[in-house]
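Read the single chain below, which is given as structure tokens and is the form predicted alone.
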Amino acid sequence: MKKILFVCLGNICRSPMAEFIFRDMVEKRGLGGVIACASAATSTEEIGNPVYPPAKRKLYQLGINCSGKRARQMNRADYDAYDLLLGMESRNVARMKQICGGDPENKIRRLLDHAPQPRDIDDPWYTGDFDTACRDITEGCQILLDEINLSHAKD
């Protein structure tokens, strides 16, 4: 099973959006038994909080339910537990590497690193632009799923 961890600053906007959008894509392709995902934060400030209401509304607009999701901070053990750890922006990636004590297996990167235009996903908590964040996250999740499908097909 391929295991993915999506990570952002607080685990209440971008990373849970990525977790649930990606999970929806995986299920629609019938790959639920092959791919699993979760999300976490680099900070402690939102631990235990639910998905931020505008992010939750955006997911509901897509027909995706994220009820029950609570923010958690990633930890060093996540490095061994997941095959890929995907940050939403460069600052997340730097902090993830600190938390994990480095990245010897090259498993930590940004979600959009393999996009035609590699870039950070801006934090909608600050920008208020949940539409753009959702589009960027969906693009990254689609690219990721296509990459996994290609590597799985070769196995």
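From 1 onward, residues are counted along the sequence shown. As the structure is a prediction and not an experimental result, all values here were calculated from the model.
Although not depicted, the form predicted together with 4-nitrophenyl phosphate is the subject of the following passage.
Enquirer: If we define contact as a non-hydrogen atom of the residue within 4.5 angstroms of the partner, is Asp123 a contact of 4-nitrophenyl phosphate in the model of the complex?
Expert: Contact with 4-nitrophenyl phosphate, yes.
Enquirer: Heavy atoms within 4.5 Å of 4-nitrophenyl phosphate in the model of the complex: does Cys13 have any?
Expert: Yes, contact at 4.5 Å.
Enquirer: Any chance Asp113 has a heavy atom within 4.5 Å of 4-nitrophenyl phosphate in the model of the complex?
Expert: No - in the model of the complex, heavy atoms of Asp113 and 4-nitrophenyl phosphate never come within 4.5 Å of each other.
Enquirer: Quick one: does Leu9 come within 4.5 Å of 4-nitrophenyl phosphate in the model of the complex, counting heavy atoms only?
Expert: Contact with 4-nitrophenyl phosphate, yes.
Enquirer: Which is the contacting stretch out of 93-101, 26-34, 59-67, 41-49, given heavy atoms within 4.5 Å of 4-nitrophenyl phosphate in the model of the complex?
Expert: Stretch 41-49 is the one.
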